[in-house]
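A lone chain, given as structure tokens: the form predicted alone.
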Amino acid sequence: MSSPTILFIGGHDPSGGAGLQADIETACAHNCRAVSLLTCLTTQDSRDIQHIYPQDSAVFEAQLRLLLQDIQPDWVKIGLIGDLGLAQVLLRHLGVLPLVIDPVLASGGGTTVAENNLVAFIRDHLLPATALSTPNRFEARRLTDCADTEAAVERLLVSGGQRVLLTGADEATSDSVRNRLLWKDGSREFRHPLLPHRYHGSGCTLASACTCNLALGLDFEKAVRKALDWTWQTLRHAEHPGRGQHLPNRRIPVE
């Protein structure tokens, strides 16, 4: 049997911790085939991002159109978009392809990477088309302009999108991390021990692992649980090659 093909759309991180490199490494670990489109280059290291350089939207659209004429992906995962023009291209061309969005609105170091017009477009046009979105608590609040996280999640579910995986490591206040998969008629909670370091690329790794598991035919709850378990292992065995955050070790076997 051939491996499922996943189209990964995101930015390039020179440190290798996040972005398209994280996506492709995750796909390899899950025995999935990765095809990819670059939204933007970045000036960043394992500490933080300094600047993003979005692709020209016309060039990006030509690349996307030609790729889709040749290869039909089974799933699509979107990470860092970069600017409004690129987001509009994605909406025009992705059609009914199953879609996972990791709404990257700020770097792990806290730098904003999405202007307000892009945040609004993601909320109003891209999220309603998703099978799964994976915001952390900060991203959920910014996407909905809600000060309260619970109200933000409710608004995300009402506005569209089948399921929301709300991750909790960014604001964990105990010795465990609470992640919740939510849909209109229910929810499922997953807990993992809080690890001691800060990690660069954990969100990319998790969203990509969810996408791979869905492409492999798992139902949402099992896909998310396996993705969370494996991502936790990549962080437990994380490496520290630079002077900033630890980087996930995506060579960990998938069980």
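In this text the structure is predicted, and so the values were computed from the model without any measurement. The first residue of the sequence shown is number 1, and the count goes up from there.
Same protein, other form: the form predicted together with another copy of the chain, not shown, and the subject of what follows.
Taking 4.5 angstroms as the heavy atom distance cut-off, pick the stretch from 221-229, 207-215, 62-70, 186-194 that is near another copy of the chain in the predicted bound form.
In short, 62-70.
Can all three of L132, T149 and L235 be found with a heavy atom no more than 4.5 Å from another copy of the chain in the predicted bound form?
No, because L132, T149 and L235 lack any heavy atom that approaches another copy of the chain to within 4.5 Å in the predicted bound form.
Heavy atoms within 4.5 Å of another copy of the chain in the predicted bound form: does S202 have any?
Result no; S202 lies far from another copy of the chain in the predicted bound form.
Please check if R47 has a heavy atom lying within 4.5 Å of any heavy atom of another copy of the chain in the predicted bound form.
Yes.
Another copy of the chain contact at S57 in the predicted bound form, heavy atom, 4.5 Å:
Judged by the heavy-atom cut-off of 4.5 Å, S57 is well away from another copy of the chain in the predicted bound form.
Heavy atoms within 4.5 Å of another copy of the chain in the predicted bound form: does R33 have any?
Answer yes; at least one heavy atom of R33 falls within 4.5 Å of another copy of the chain in the predicted bound form.
Sequence order please: the residues of 222-255 with a heavy atom within 4.5 Å of another copy of the chain in the predicted bound form.
Residues within 4.5 Å: E239, P241, G242, R243, G244, L247, P248, N249, R251.
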